[in-house]
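Given next, in structure tokens, is a single chain: the form predicted alone.
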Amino acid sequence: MSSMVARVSTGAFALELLRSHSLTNLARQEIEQKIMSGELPPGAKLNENTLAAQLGVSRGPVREALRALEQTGLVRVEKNRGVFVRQIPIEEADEIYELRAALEQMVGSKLARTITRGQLKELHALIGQMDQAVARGDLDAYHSLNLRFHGALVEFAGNRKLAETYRRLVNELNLFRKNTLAQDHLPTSVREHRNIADAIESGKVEIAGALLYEHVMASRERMRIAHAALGKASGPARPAGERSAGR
């Protein structure tokens, strides 16, 4: 009897552990979506009770979800103050672009040696959808396809640690929230993606890597221009004491 009770108890514990893990993942995904969409903007303080009520879960899964999001670079925890959506200054965004360019150069060179026909088909399909987004003038759709194209390249490289690092960098750049793909840049951008895919397909190792590096660095330059223009439009910076907490 005691062994049966032990088995039931163990089974119940395992079921509860699985349920808790599932709720944490659900909470993490929902909070991440709110951050990436801008519903929870950079600098916003995250309240566990409010989030738990919105998501229909207890505070436990929300607390664990916030810890996971801290590891991905989306939130920061300040002792005795709480949890905040991270704010990325221009200097940090600049460094992130440099690191991302180096990683993508490595990815491009590797894929020029290892890409499969199925993977190439997927890349060309994404480029075709990019062409359609350009024709419609759909900036939001193009931005999403752009992320999918680069994410696919990293996935195809087959390096788990590289993929984890890349995802964190992309999340942090999204937090910066400076749109670097203006309407008039779209034709240039889609042409760059097509050239990258062609170089990879042709097995041009050095060229594929160089094209990806240059593509990301061009995005960094557009980011700088957009940030400078935004700064001029918003006027002089506020004194340090007036800036939002946790900048």
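Note that this is a predicted model, so its numbers are computed, not measured. Just count from 1 along the sequence shown to find any residue number. Take the two forms, find the largest set of C-alpha atoms that superpose within 1.5 Å, and that set is the rigid core.
Below, we refer to the form predicted in complex with the DNA, which is not included among the displayed structures.
Checking Gln29, Asn47, Ser202, Thr188 against the DNA in the predicted complex, a heavy atom within 4.5 Å turns up for just one residue: Asn47. For the residues Ala68, Val57, Ala210, Met217, the 4.5 Å heavy atom test against the DNA in the predicted complex is passed only by Val57.
Contact annotation for Lys161: none of its heavy atoms lies within 4.5 Å of the DNA in the predicted complex. In the predicted complex, Gly82 approaches the DNA with a heavy atom inside 4.5 Å. Within 4.5 Å of some heavy atom of the DNA in the predicted complex lies at least one heavy atom of Leu23. Shown alone here, Arg222 lies farther than 4.5 Å from the DNA in the predicted complex, counting heavy atoms only.
With the DNA left out of view, the stretch that reaches within 4.5 Å of it through heavy atoms in the predicted complex is, among 130 to 138, 147 to 155, 115 to 123, 74 to 82, 74 to 82. Superposed on the core, the two forms barely differ at Pro41: its CA moves less than 2 Å between the shown form and the other one.
Once the rigid core is overlaid between the shown form and the other one, Glu192 does not reach a Cα shift of 2 Å, moving by less than that.
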